[in-house]
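Next comes just one chain, in structure tokens: the form predicted on its own.
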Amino acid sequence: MVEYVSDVEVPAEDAHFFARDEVITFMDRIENLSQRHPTNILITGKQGCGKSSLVRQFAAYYNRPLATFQIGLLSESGQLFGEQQLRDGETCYQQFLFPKAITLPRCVIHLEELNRPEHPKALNELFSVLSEDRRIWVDQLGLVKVAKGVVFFATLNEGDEFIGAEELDAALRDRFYVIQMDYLPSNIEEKVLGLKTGVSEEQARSIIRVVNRLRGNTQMPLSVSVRHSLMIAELVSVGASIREAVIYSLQLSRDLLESLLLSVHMETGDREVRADGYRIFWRNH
């Protein structure tokens, strides 16, 4: 019987989550390997391609509690474990969730945006908990040992387009198994749109044709994530045209948008949307 700590629970399973066969097989091996010792996995890939979803699905599928930590919020060493706070005029140490979670057997620890801390030294404590020793001394807490069966997942986006992201320290990266995520195959992405948003097969096929045209634009290919294709499909499911859905789902400059919308028009035949049409947005007009 797992004893859960506050704010840590098993996430709900996603019945419509797709991953490559080899990734699913690897997840099963990680589950087995974690029974020997805590295990570390780094998931990289384009934004919105299911990195965080894979972590949640692993926790849900194997009935494990999940604790997620935003590494981008860290600005100094030791901040994962706790900090000194002033209460009633006295200074006291406030322990955070991280030391509680890593001492909870079979907990999944998700380190989100691992390469985006405000200061690189904020990650220093991770070297100890991710090492073979799996323990760290914290003056205010004593010796903190990683519990049996704990699995650390780290996710990150890599590339010059991600402001604030740093190249991951080689010594830290060396502590992880690595999974590379990518866009889903078109036929699978179409199926996901239908299952998750309720659009028809024909609508899903048209959306993915447009998305692939944008991704494959030779002059300026766009990184249209699966998250964005789902956003487009959600708008289409409530009556928007694909052209309208693209306008409101992708953050683009006006010039680039006009060029790309021409491609959408060529692909879908959607009519132009009047830019000068206005009406009062008020129930009692």
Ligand SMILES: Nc1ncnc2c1ncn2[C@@H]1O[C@H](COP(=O)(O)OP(=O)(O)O)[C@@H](O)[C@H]1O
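Keep in mind the model is a prediction, meaning the values are calculated, not measured. Sequential numbering from 1, following the sequence displayed.
Omitted here: the form predicted in complex with the named molecule. The next part is about that form.
Among 128-136, 191-199, 72-80, 99-107, the region lying within 4.5 Å of the named molecule in the predicted bound form by heavy atom distance: Correct option: 191-199.
Heavy atom to heavy atom, is Ile247 within 4.5 Å of the named molecule in the predicted bound form? Flag for Ile247 set to no.
Taking the shortest heavy atom distance, is Arg227 within 4.5 Å of the named molecule in the predicted bound form? Residue-level check for Arg227: yes, a contact with the named molecule.
Look up in the predicted bound form whether Ser52 has a non-hydrogen atom within 4.5 angstroms of the named molecule, and give yes or no. Heavy-atom contact with the named molecule at 4.5 Å: present for Ser52.
4.5 Å heavy atom contact, Arg64 and the named molecule in the predicted bound form: Contact with the named molecule, no.
Suppose contact means any heavy atom within 4.5 Å; which members of 173-190 contact the named molecule in the predicted bound form? Just Leu184.
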